[in-house]
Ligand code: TYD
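Heads up, the chain below is alone and in the form predicted alone; it's given as structure tokens.
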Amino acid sequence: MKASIHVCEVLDLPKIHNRAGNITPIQGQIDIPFDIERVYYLYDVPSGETRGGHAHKNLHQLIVAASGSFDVVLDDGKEQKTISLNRPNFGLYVTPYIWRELENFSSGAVLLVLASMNYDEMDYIRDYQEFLTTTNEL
């Protein structure tokens, strides 16, 4: 199946309201379409900096703005789209072979990632020209 930015979508995550504060539980294969193997987060991103700049061969991710806001630029080698995330009960589902750039971080932003695999450097495509060549061969 050819990778497409149109498969990547913002998922409305469960939100349990409570006057003392809200909670959003996320369960693999229930709330998101993959099992969760790894969780990590980015924070203290300096103003004007970008993150990402890569694609994955097999990894599925859910990207959440746990605090603050940022933009995710998705690229499938043919089309691009930008998704703004700014609420902790919405997550962007990103499939394999989608190039992503993370930009426009607000002050104090925390980007939470739920990943389908443990870290594997061999799963990364870090060169954009290699990404374009690979996606054209799919």
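As the structure is a prediction and not an experimental result, all values here were calculated from the model. Just count from 1 along the sequence shown to find any residue number.
Although it is not shown, the form predicted in complex with the named molecule is what the next lines describe.
Proximity of K2, Y93 and Y97 to the named molecule in the predicted complex is absent: no residue of the three has a non-hydrogen atom within 4.5 angstroms. Here is the short version: of R38, K57, K81, R87, the single residue with a heavy atom within 4.5 Å of the named molecule in the predicted complex is R38. Residue L42 is the only one of A66, I26, L42, V73 with a heavy atom lying within 4.5 Å of the named molecule in the predicted complex. Of the heavy atoms in G52, some are within 4.5 Å of the named molecule in the predicted complex. Using a 4.5 Å cutoff between non-hydrogen atoms, H17 does not count as a contact of the named molecule in the predicted complex. The closest non-hydrogen atom of Y119 lies within 4.5 Å of the named molecule in the predicted complex.
Taking the partner from elsewhere, Y128 is found to have every heavy atom lying beyond 4.5 Å of the named molecule in the predicted complex.
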